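Two versions of one and the same chain are coming, encoded as structure tokens; call them structure 1 and structure 2.
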Structure 1
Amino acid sequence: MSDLSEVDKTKRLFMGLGSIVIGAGIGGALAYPIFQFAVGNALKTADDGDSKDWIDLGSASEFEEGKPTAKKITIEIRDGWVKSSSDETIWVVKKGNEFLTFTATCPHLGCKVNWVPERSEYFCPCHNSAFEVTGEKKPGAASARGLDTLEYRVSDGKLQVVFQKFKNLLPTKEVFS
């Protein structure tokens, strides 16, 4: 074994390298499809077209001036091979003829904010972010921006919003989906 001829050495080198190349080739040929498969449709965005999906929040006249009101909405979601419904909460504040419509999702890391009447603030229990009734962040909030407003309109006396999700952490509002 220790006295390998030059021919044998070349042969052994060829077979050794050949085995490694074949192994790496098969691994590489598998890695790409597997990576694509594992990512799946995670990076695809639902194709809604341009039409906005207006969701009813109820009669515009029923909201009390200046008092945050929670409204549950039901949105349609596509969850893999299932089309299903999911509930979300919208905070609505009436200001004269205008409305403030906030998503209840904290812009920090995505927990849900609740209205605390005693302290007159929206409060996120995850990292103690507090927001004014107008949605601006209070000093000391972990969030980099205030609550995210949703586009609204009043149509046939009904208050309607377009529901969207926004990116976490950023100082300005950017649409996530």
Structure 2
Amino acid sequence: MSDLSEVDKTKRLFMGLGSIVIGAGIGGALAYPIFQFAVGNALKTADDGDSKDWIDLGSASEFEEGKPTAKKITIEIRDGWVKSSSDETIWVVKKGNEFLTFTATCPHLGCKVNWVPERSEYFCPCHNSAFEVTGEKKPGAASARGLDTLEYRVSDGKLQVVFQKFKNLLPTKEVFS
């Protein structure tokens, strides 16, 4: 037989259950931030359910038919938990109701290409690669492929692109980041 009275048994039961509840609360309070730190960013999606990061390039009506137009953007780069920004150039050519959108990065070694209106070509000064207005490489170009196109859409009258970087020196386009 136990020497404890019913009151003592009730006190022990209360203290035991109270310790379990307090321990679970502390454990949950510590586990939540650790879980958010470990996998929180992997579970996030865009607010509208579209996981792509669309970047506005301006009104779709501001681009002239057939004329390459450079648009400067600043992208945010997340490498693990480090954030940085990078200025990039996007070339846009309007073709009727469609658009051609390219990165200004040469797929050869990553130098920046510029439009040369006198020669009607994009030109990379690093290794003299030249590209057509459509982004296709010209004969004799050091690059293994044409300029890298970007996915675009027109939303509410604004031209938007999904900026991506691609691996250099490959004959086909492969996303780098």
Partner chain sequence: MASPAIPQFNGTLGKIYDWVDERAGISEIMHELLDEPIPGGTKYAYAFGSALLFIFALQSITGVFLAMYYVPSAEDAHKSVEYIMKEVPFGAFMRGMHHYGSSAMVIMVVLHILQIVIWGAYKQKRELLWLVGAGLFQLVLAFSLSGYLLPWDMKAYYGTVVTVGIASEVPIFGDMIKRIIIGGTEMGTITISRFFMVHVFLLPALTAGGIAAHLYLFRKAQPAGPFNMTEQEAMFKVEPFWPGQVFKDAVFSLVVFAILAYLSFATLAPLEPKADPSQTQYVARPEWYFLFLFQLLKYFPGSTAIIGSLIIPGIVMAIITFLPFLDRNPERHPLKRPFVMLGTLALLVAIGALHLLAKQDDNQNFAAQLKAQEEEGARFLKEPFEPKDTSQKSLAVAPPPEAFVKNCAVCHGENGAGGPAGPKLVGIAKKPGRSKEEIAGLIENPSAYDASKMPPMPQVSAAERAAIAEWIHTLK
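Here, a residue number simply tells you its place in the sequence of structure 1, counted from 1. These figures come from a predicted structure and were not determined experimentally. Here the rigid core means the biggest group of C-alpha atoms that line up within 1.5 Å when the two forms are laid on top of each other.
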property	result
Chain form predicted alone, by structure number	2
Is_shifted residue 79 between the two structures (CA, 2 Å cut-off, rigid core)	yes
Cα displacement of residue 117 between the two structures reaching 2 Å, rigid core superposed	no
Rigid core superposition, residue 12 Cα moves 2 angstroms or more between the two structures	yes
